[in-house]
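The chain below stands alone and is given as structure tokens, in the form predicted on its own.
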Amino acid sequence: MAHVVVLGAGTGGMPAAYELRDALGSEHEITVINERDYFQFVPSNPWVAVGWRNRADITFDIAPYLERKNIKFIAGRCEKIDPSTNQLELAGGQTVKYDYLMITTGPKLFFEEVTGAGPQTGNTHSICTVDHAEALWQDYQKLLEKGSGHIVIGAMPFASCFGPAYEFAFIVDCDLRKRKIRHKFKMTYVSSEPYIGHLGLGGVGDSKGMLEHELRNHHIDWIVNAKTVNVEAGKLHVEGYNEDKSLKKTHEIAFDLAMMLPAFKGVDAVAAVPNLCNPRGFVFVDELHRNPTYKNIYSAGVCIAIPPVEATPVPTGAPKTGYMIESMVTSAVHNIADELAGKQPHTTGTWNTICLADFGDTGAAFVALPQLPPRNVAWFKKGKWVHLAKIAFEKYFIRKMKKGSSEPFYEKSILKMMGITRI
């Protein structure tokens, strides 16, 4: 009997655990280790930050649902990974041995890369966790009570997930319009992207033209090629760059509320393993999602190393979106199962992307097949149906994680008819 450990229980780790149980049967042991004892549906955090959702709507205790599938769960922080002994050391001194390790930790939120950034010790907010979204909601309410102000939303240098920043900008705009006070607030989008709609992907379809139109239509100003270098209380210090990477202009942007997505790095315990990660702590994987140095370590999700799509004047990273992560997970699970069956692993992920971006009362969807260019399919569409689809997907995914089914037959069948497959 082999012991497979999944480190991390987010949108990659939970599906990984369920798929491993389905693929390996009952004869192998599976353990999930996660720093928190609850699952959080991160895509709904922008709604939490404006009071449209609360914690209970988008979180649930992990243990009962994994235990139903005969999957062991440990709530604790991993302090050290020792590949030489195939062992994890957890906070409190507990050790866990593994035969195979799948790292799905997600990223470390590297606020400290920019002085004065971050929701705990800095001057900017985040929507990367439900805790951060709740803190933002508290300050947003104070701003509403004040009745006017400047709201800055965007992404820091080295950020790689820009979609939520656009979502939050439009959701705030929508919320203020519903309250009939939008005219009292100035809004500015500040991003390290080289142009609006770049998204860390070099654009998808007509994302540039469409998102520029939407920002103009909603009276949201923007600054791109923007390197945030420092944040004081109520003031963002930004350097704007030309395409040739020469300094174009410096900005001092006064704000009443700022939500700036941070750069990502690998979590400390993972980044500390020699030859496992790149300099920013992201796990090296081959096409099988297996680490080249440690053949019994697999990884999927935001924590893996993917080079930027292109060099940009201000550094940006490539995002790892939901369906792309599920593609990685399915590939890794198939390959672990093959190894345990004495077969040669061979399954690769398609890295196809389906993204629903909510704009509050409308939204935009894009499909990129595959996510990284050159692509076979790339389109970007807008409509109220996207807003409704995002709400439906929230309910569907949370139910799927509680039920313990990573890819139900009807989901697989519908996507296959659209030419979208995981592997």
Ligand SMILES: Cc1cc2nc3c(=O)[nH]c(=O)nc-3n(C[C@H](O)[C@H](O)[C@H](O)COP(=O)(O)OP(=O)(O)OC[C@H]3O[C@@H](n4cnc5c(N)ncnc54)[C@H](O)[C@@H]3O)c2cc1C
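Position 1 is the first residue in the sequence shown; the rest follow in order. Source: prediction; values computed, not measured.
Although not depicted, the form predicted in complex with this ligand is the subject of the following passage.
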{"item": "Distance check, P164 to this ligand in the model of the complex, heavy atom within 4.5 Å", "value": "yes"}
{"item": "Distance check, G76 to this ligand in the model of the complex, heavy atom within 4.5 Å", "value": "yes"}
{"item": "Contact label in the model of the complex: L356 to this ligand, heavy atom within 4.5 Å", "value": "yes"}
{"item": "Partner proximity in the model of the complex: I171 to this ligand, non-hydrogen atom cutoff 4.5 Å", "value": "no"}
{"item": "One stretch from 150-158, 334-342, 299-307, 247-255 that, in the model of the complex, holds residues within 4.5 Å of this ligand by heavy atom", "value": "299-307"}
{"item": "Sole residue of A368, I33, A364, V48 within 4.5 Å of this ligand in the model of the complex, by heavy atom", "value": "I33"}
{"item": "Listed residue (V42, A378, V386, I398) with a non-hydrogen atom within 4.5 angstroms of this ligand in the model of the complex", "value": "V42"}
{"item": "In the model of the complex, residues of 82-114 near this ligand [heavy atom within 4.5 Å]", "value": "T104, T105, G106, P107"}
